[in-house]
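Here's a solo chain for you in C-alpha cells, the form predicted alone.
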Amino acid sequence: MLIVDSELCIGCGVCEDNCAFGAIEVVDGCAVVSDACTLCGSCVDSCEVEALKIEGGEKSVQVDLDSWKGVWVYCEFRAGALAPVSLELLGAGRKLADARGVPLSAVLIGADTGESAEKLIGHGADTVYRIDNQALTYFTDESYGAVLTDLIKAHKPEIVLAGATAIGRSFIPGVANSLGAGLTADCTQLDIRADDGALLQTRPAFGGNIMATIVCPSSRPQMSTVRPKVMQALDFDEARQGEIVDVAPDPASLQTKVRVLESVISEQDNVNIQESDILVAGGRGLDSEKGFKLIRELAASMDGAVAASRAVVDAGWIGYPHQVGQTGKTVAPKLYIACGISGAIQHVAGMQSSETIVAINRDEDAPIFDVADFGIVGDMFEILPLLISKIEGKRGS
C-alpha cells in the first residue's frame, strides 16, 4: 500500500508528474493515491521530502551476500525431453558464471531423465543436480517448487535462471516468494555489473515501449525467467567434463494436493513456432479468418510453420500457440514472412531477431518495413498466389 504522510507532503506535484499510471493527484495541497497505483515506487524515489512510502514493501536484507556463490539454471524436462530454452539458458549462464568467476550448475528435475544430465554438461554446465524420482513424473507447482527451494537453500547460488515457459512462469514465482528473493520475469538480456557483480536483468516494459534494467542489490538469490529464443545455446562438446550429483528429495517435498491422472499432448501443443526455421505470419490485413488459407499454403510450400499477430489471435482467427510478440512467443527463424502485419512494436519485439524478414503489406508506410530486409507493397491476395506458384514450380523442377 502506498502511504502519503499529509504532514510532510508539500503538494509540489512532482509525484503526480512522475506517475506513469496517472494514479496520483494533488488535491488541496496534498497527494492523493487512486486504485490505479501499481506500487512501482517511482513516486517514492522522486519525493524529496520523503512524504511517500510503500507499506509492507520492505524486504529483509541478506547481510552475508558473500555466502551466495554460483550461477544456476533450472533445466526444464518435459514429455521425455529437455526444453530447448534450457540449453539457451546454459549459454547465457556460462557467460555470467565466467564473468563472476564462479561455477555454472544445472538443475534437472523429473523422472526417467536418461542421458539429459550428460547433455547439459556438454552444453556448458560444470555440475548437474539431478533429482530423478517417479513422484516427479508429472509437473506440479507444489512438488517441483519445494524440491527446487530446498536445493537452493542448501547450496545458496547467487543467480537462478529459468525459462519463461508455461512451467517456468507457473512455479518459479512461488520459489522466489518462499526464498524472499526478487524475480524479474520475461527477461531478454542479462549481464553482470562490473562494480559489485550484481545481475543486470533487462526486460520490456510499458507494452514494449521501453527496456527496463532491474537490479536486486541486497537480496539473494537473484532470479530471472528468460524468454525462449533470445539467448544463444553453446554447441555441444562431447569432450567436456562435469559432475553429476544425484539428489534424493525430502519425501515431504514430494507431497502435493494435486494428483495428475493423465498427461495428454494436444494438437495445439504440437504447434511449436519457436523451433521452425521458416515462419509465415498473418495479421489483420488478411481481412478475415479465410485469409489464413493462403498463409497455410505458403508455409506448406516451404515446409514452414504458421504464425500470427496478436490482433488476429484476439479476433479468434487462429489459436494462441501461433502468436508472436510481446504477449506471445519470441521467435528467431531463418526466414520470417510478415503478411498484412503493420509492425507494432509489441509484435516486432517477438520477431526482430529473425535472420531474414520479408514484409508484404498494402500500406507503404507500415512500420514493419522499418525492420524488414525485403519489402513488397501490394495486395496480398494477388502476391501470395504468385509466390506460392513460383515456389512450387521451383520445387517441382
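Residue indices: 1-based, along the sequence shown. Everything numeric in this text was worked out from a predicted model, so none of it was measured.
Just so it is clear, the following notes concern the form predicted together with a small molecule, a form of the same protein that is not shown.
Of the stretches 36-44, 22-30, 66-74, 335-343, only 335-343 has residues with a heavy atom within 4.5 Å of the small molecule in the model of the complex. Of the listed positions (Lys229, His155, Lys95, Arg284), a single one reaches within 4.5 angstroms of the small molecule by any non-hydrogen atom in the model of the complex, namely Arg284. With the partner omitted here, the residue from Gly375, Pro385, Gly378, Gly11 that has a non-hydrogen atom within 4.5 angstroms of the small molecule in the model of the complex is Gly378. In the model of the complex, the small molecule lies within 4.5 Å of some heavy atom of Thr327. Under a 4.5 angstroms non-hydrogen atom cutoff, the small molecule in the model of the complex has Ile360 among its neighbouring residues. Of the heavy atoms in Ser143, none are within 4.5 Å of the small molecule in the model of the complex. At a distance threshold of 4.5 angstroms between non-hydrogen atoms, Arg220 is out of contact with the small molecule in the model of the complex.
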